[in-house]
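Single chain ahead, by itself, as structure tokens, in the form predicted alone.
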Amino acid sequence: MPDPVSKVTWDNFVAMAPSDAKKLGLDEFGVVKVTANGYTVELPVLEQPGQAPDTISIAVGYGRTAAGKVGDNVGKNAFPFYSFLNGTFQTTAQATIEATGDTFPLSQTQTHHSYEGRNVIRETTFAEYKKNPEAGKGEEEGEHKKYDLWENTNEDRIHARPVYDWVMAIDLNACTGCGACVIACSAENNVPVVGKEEVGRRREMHWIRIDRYYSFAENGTAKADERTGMVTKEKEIAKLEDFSNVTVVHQPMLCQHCDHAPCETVCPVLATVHSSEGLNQMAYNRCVGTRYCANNCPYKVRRFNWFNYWNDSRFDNYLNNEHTQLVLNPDVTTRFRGVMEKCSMCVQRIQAGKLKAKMEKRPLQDGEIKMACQQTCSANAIIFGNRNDKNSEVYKALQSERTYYVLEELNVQPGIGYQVKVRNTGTESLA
């Protein structure tokens, strides 16, 4: 799983303020020798916005030697930097650093999921929210007009969903970026672990990812760009001289199950189609691996199987051992080389819930079906349910004045609504 803020996988590193790295003449991923408490390690430098100047930080838990083939010798052990004083462990120490002249590339996951500065994250302050509950939604752009690709009537829609319309709501206020949903999704849907080398080639397989965005502050007060407040463009980053005062917002991003899914219209073999319940589904046996769908997806959430990860000795993980394969979810097939995969909205859980209700001869109850990501979220940031049920929790959540849809200006009509993040900067009254 990627680190929640740096998005680095498989290694630990020396996190350093960009101003310090510039002052010391250190390049990104340049290896430095860190010495403290009589112990020395060599690790690459990562420029980390928000890191306090004149400090560095190193994650512990790496450099293990008895963790199995996957975990052994990953990163360097930073525990010896601890000292024991007055009956407690001191996790800080005076350190010296020295450049070695070497480089050690780190694999990060968010560097290639670029939205080119589009307004995908929306946030406001508590003071503005009190004045206008819809603050931060980008209302100055006006309401986006919806166009239909097919001739439909309300009575006879091609994409009609008479019984179930499965949708999701995600509250950016609640999400802490912990990544538990990423792990839960991988376990539930047999998503393979591909290793550092493949992640470095931009081939990670996570069906849900947590995007991290920085917004910057000025004089202790949150400072927003005219609309988004986000540091997402190179030209905006170039304006900033000091990255030490930034805030972070996390955004879970998964297949949006769009009503006008651009991936569906370009598939030459109908491997990805829309269901009568509002889901964008994959038929793996039809897929011939053109990858047109991935090129056409504006959310960058589709994953391509470059290898048979479950049956290839180069990927030594729980999928390719005859004993550890017993941990796989039998309700979800493992995918094979040359096919595209993505979030299925845990369709196996949906079918199981509907079948149980049918066997008990009763209607399906709201909240009875929970997605793996939703079930694991400790902050209840994810809500899933049937939009056709006006009393459902998800329907009420999507009616919130804070709800917006990512890239709705593209008219893809996504099925996942996000709720604007409201920051309490401490400068306004809570009354």
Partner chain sequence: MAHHHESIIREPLMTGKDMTYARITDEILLPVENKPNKAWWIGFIVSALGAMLWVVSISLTFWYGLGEWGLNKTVGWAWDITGFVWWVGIGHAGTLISAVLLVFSQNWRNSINRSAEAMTIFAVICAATYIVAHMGRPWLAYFTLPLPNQYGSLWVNWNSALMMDVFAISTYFSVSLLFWYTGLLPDIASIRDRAKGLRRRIYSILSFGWTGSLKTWQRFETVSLILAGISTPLVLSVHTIVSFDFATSLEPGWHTTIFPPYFVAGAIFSGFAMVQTLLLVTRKVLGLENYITMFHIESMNKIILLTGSIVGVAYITEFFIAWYSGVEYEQYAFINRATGPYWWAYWSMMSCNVISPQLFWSSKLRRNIPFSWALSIVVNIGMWFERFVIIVTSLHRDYIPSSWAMFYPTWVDVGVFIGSIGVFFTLFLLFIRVLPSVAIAEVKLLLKTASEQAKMKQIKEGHLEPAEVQYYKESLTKYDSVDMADYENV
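Quick caveat, the model's predicted, so the values are computed rather than measured. Residue numbers count along the first chain shown, from 1.
The same protein has a further form, the form predicted in complex with the partner chain, not shown here; the description that follows concerns it.
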Checklist line | Stretch from 45-53, 400-408, 384-392, 362-370 whose residues place a heavy atom within 4.5 Å of the partner chain in the predicted bound form | finding: 400-408
Next item on the list: Would you kindly say which of S186, T247, T125, N296 lies with a heavy atom within 4.5 Å of the partner chain in the predicted bound form?
Entry: N296
Checklist line | Heavy atom within 4.5 Å of the partner chain in the predicted bound form - residue from T103, T265, N329, T92 | finding: T265
Margin query: Would all three of R203, R209 and F307 be in contact with the partner chain in the predicted bound form, where contact means some heavy atom lies within 4.5 Å?
Written below: yes
Next item on the list: Verify the contact flag for P80: yes if a non-hydrogen atom of it lies within 4.5 Å of a non-hydrogen atom of the partner chain in the predicted bound form, no if not.
Entry: no
Notebook entry, point to check: Does D72 reach the partner chain in the predicted bound form, with heavy atoms at most 4.5 Å apart?
Noted result: no
Check: Could you tell me if V269 has a non-hydrogen atom within 4.5 Å of the partner chain in the predicted bound form?
Finding: yes
Check: Does E98 make contact with the partner chain in the predicted bound form, using a 4.5 Å heavy atom cut-off?
Finding: no
